[in-house]
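Only one chain is given next, in structure tokens, and it is the form predicted on its own.
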Amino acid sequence: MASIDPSPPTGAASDWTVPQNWDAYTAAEHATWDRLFERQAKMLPDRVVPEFMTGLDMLRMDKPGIPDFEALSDRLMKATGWQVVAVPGLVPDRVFFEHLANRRFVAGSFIRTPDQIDYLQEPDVFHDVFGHVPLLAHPVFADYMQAYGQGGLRADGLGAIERLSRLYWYTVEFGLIRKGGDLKLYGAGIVSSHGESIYALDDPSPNRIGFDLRRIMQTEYRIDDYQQSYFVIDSFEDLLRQTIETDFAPLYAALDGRPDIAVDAVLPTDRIYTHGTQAYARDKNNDERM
């Protein structure tokens, strides 16, 4: 979510959608998708929530090349009533929320270059489609995404988008889930990143903390590197229940003016799965100062 010019750019419709122009992708761009897909599909099955792999299979995303959004949307619509629509890049907050509230997922259509294989800051088609779309085939998570969009429209009217954006960040983008005695990945920012798919579960550095809605809305996050804290949900059903049963307006009011919680903080009230060493972030900071 970004604060940007609310006027759609040249060539975009009033809702910021653009044609995907699938036929314009080059062989090299399709090859980049295939390289990324093969790497993640090989390492994720034992690490990601099973519903993600089910969605990949159901949507037939293992076919070579960048998916055609029209064909992908046909399959997704039959599963949960969602569509994938192309946009030129980051869109204004309200546009983003309106699409989600109407079961449309906005996806960038460009793909990273070979020198950006391991990291780029602005989400590309691999992050948006591989990372996000498989779970939209899961009915409960699909309902959560719509509920989030509806909540975003209300937050916009209450001046609380920054608070709500933290919920998206720590669930949809960088969420972990408890499955039996194990933690699994489900956030798109993790599952589309080879390095963070390993770091988020295996590295001793980050905190892994039980989901707490109020706590998350007070917690800062990083956009420039791996996360220093992850939040763990018990189930998609519980995440949806808490989202639709919570009256957010009083929560926003209660948090107004309260200080933010640092990205690396562990509180006495936290339900802790891992109290991280923060060694990764500390070492990176030391390297940058040298």
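Each residue number is its position in the shown sequence, starting from 1. Owing to the predicted nature of the structure, the values given are computational and were not obtained by experimental measurement.
If you look for the form predicted together with phenylalanine (PHE), you will not find it shown, but the lines that follow are about it.
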* Heavy atom within 4.5 Å of phenylalanine (PHE) in the model of the complex - residue from W169, F96, F130, Y144 -> Y144
* Which residue, Y226, F37, Y221, F248, has a heavy atom that falls within 4.5 Å of phenylalanine (PHE) in the model of the complex? -> F248
* To do: Mind telling me which stretch in 57-65, 237-245, 29-37, 44-52 gets its heavy atoms within 4.5 Å of phenylalanine (PHE) in the model of the complex?
  => 237-245
* Though only this chain appears here, would K78 touch phenylalanine (PHE) in the model of the complex if you measure heavy atom gaps against 4.5 Å? -> no
* in the model of the complex, does G151 have a heavy atom within 4.5 Å of phenylalanine (PHE)? -> yes
* Consider L185 of the chain shown here, and say whether it contacts phenylalanine (PHE) in the model of the complex, taking contact as heavy atoms within 4.5 Å. => no
* Using a 4.5 Å heavy atom cut-off, state whether V191 contacts phenylalanine (PHE) in the model of the complex. => no
* Asked: Does any residue in 207-224 get within 4.5 Å of phenylalanine (PHE) in the model of the complex, counting heavy atoms only, and if so which ones?
  -> none
